[in-house]
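What follows is one chain in structure tokens, specifically the form predicted alone.
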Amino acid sequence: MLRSKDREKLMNAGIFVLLALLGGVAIYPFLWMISVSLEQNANVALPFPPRIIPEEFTFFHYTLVFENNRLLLAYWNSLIIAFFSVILSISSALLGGYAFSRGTFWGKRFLFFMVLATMMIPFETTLIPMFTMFNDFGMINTFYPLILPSIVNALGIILAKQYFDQLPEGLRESAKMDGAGEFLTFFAIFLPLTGPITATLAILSFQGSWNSFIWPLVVINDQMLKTVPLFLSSFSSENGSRLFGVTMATASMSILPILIVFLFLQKYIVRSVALSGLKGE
């Protein structure tokens, strides 16, 4: 007869093994992609059966990728778009979240409900109206249609509101007693405390902008303005069935910026999740 502590240990071990298996299944395609990109003969024939460790190791495919200036140009285009998208997205989310958390104005609950409602509208239904609007403004084949929609970030506003709700109201009251207005209270008292939620919003915004494919495919036709996902798609359709090694090396390089951003900011995400109550508390 097992004691309760032994049963708990056995259950925890079972959960750990199950999570490890699920994690292995999730990460295997990523490891296989890197393995193929480092395989000497991958451009001749796709390695089969799939394996993690290459038989003949080489960086030749990555050399070919960096010799292609089109990928570097796509990198630059995506970085410009992601940078301004992140700035706009974080600014609007923090200001909106603070207003819905601490502000007192007419229609506050209704407006917050409207913000929530925008998350229920499929992006495909707004595609044509957005294209028509930007086309009327003469912004097609520019970066503006890819940057300006970041101003409305409903998920960011909700996350920021939850974060501001956790901060003590005494901070605002103390600032008011010292004669500070709302803008000074926000920028001098609350904004310096938003490091964790700002890091979370930065990662989410950067990831969304970097991986965006459908909307850039609709509004960008100029080869010189293509982003990384568009370049990867065109490269795969042109060479993917013949040059597996180079295609996998290009795909591996396309996700590198997201990994770097996540590794630098991951500790802030954990703190933000704990403080904003996303665990259902």
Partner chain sequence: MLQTKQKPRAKPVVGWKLAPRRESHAIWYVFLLPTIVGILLFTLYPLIESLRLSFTRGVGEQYVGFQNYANVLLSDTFWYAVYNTFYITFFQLLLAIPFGFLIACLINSLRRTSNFFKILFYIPNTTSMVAAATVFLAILHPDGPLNYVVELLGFERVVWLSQPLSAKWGAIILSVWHWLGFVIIVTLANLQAIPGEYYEAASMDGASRIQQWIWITIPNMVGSLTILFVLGWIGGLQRFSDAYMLGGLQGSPARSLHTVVGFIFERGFGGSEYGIASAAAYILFIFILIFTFLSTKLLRMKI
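Positions refer to the first chain, counted from 1. Computed from a prediction, not measured in an experiment: that's the story for all the values here. The term rigid core refers to the maximal set of C-alpha atoms that superpose within 1.5 Å between the two forms.
Absent from the display: the form predicted together with the partner chain. The rest refers to it.
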| message | Which residue, 80, 87, 72, 128, is the contact with the partner chain in the model of the complex, using a 4.5 Å heavy atom cutoff? | response | 128
| Heavy atom to heavy atom, is residue 233 within 4.5 Å of the partner chain in the model of the complex? | yes
| said: So in the model of the complex, is the partner chain close enough to residue 198 to count as touching (4.5 Å, heavy atoms)? | reply: no
| query | Just to confirm, residue 62 within 4.5 Å of the partner chain in the model of the complex by heavy atoms? | reply | no
| Proximity of residue 10 to the partner chain in the model of the complex, heavy atoms at 4.5 Å | no
| message | Heavy atom within 4.5 Å of the partner chain in the model of the complex: which residues of 189-228 meet that condition, in order? | response | 207, 211, 213, 214, 217, 218
| residue 51 C-alpha moves between this form and the one not shown by 2 Å or more, core aligned | yes
| message | Once both forms sit on the same rigid core, is the C-alpha displacement of residue 218 at or above 2 Å between this form and the one not shown? | response | no
